[in-house]
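For reference, the chain that follows is the form predicted on its own, supplied as structure tokens.
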Amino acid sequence: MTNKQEIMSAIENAGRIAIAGHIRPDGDCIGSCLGMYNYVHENFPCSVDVYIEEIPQEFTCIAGCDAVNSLYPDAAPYDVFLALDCGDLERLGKAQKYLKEAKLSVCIDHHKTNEGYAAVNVIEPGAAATAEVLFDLMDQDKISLNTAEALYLGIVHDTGVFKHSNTTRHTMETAGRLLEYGVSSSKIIDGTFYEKTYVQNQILGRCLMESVLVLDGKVIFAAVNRKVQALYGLESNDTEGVIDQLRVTKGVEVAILIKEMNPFVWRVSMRSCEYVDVAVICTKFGGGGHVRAAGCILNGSMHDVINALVKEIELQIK
């Protein structure tokens, strides 16, 4: 029996299932978790709980959001615990306790840095999104519109609306098949990817205006310190999209956005265009991600952080 068969058999025979994604959930995390929640809830007689940190407003159009528990209460051990789109155990955050106590722990993911921390692991680095992996796992005759919308969301966000180099023929075919369930491409793409609040547009404009080019224009970076966050009253997701706009600057190979979490503690987001492997860089600093999109947390001044990252980028460029 393959891992995929073992997972689906375990789900079908479980009485209680828990689903969780990584901390600071993005589109693929939310889409994967809600897609699996809808699939299990609609097809099997078990109880299913889904644990994700607070979902950004733009994603609340996806069915299943009202079932999400962001409080992580104590619970009896689950028959099956599903960790979705989470590259390592630490990024499960408060949901780690459910995995450790579950009768069967399962990890389904596509991050190449994932070393397999569950009892059963399906890790496919060649997939553009975990949502793509889930579509292949599911009985496609049992996929509803609700499930299809969630999976489509995951694929759209981890491919940058099919622009990133992780987009393959299989990715496009999967997205096309999801449309056949009645998914509205414009609803998902415009409503969750392009549409911005006024504050989000303001901070995007500020980041672009204050951005800096280094390494002969091959690297661009912007920083959002705590003072700026307070000035605009920024929520955690209000800088979404900034890094992608920086990346498409002409002549740029790597874009960096750093956001101050606490004094001298910065959350780093990195994107590359063609040849720099940002996952290697972020992994060196305790983070991880994909070849073209990765992140980590670094300590120091803004200049310390940027200098450390640029030094690693320069090694790859040379």
Ligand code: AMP
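We number the residues from 1 along the sequence you see. This is a predicted model, so every value here is computed, not measured.
As for the form predicted together with adenosine monophosphate (AMP), it is not shown, yet the points below apply to it.
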Which of 246 to 254, 42 to 50, 269 to 277, 60 to 68 lines the interface with adenosine monophosphate (AMP) in the predicted complex (heavy atom within 4.5 Å): 269 to 277
Any non-hydrogen atom of Gly27 within 4.5 angstroms of adenosine monophosphate (AMP) in the predicted complex: no
Partner proximity in the predicted complex: Pro56 to adenosine monophosphate (AMP), non-hydrogen atom cutoff 4.5 Å: no
Residue contact check: Lys259 to adenosine monophosphate (AMP) in the predicted complex, 4.5 Å heavy atom: no
Contact flag, Cys296 vs adenosine monophosphate (AMP) in the predicted complex, heavy atom cut 4.5 Å: yes
Option touching adenosine monophosphate (AMP), based on a heavy atom within 4.5 Å in the predicted complex, out of Arg206, Arg91, Lys218, His164: Arg91
Contacts with adenosine monophosphate (AMP) in the predicted complex, stretch 99 to 131 (heavy atom within 4.5 Å): His111
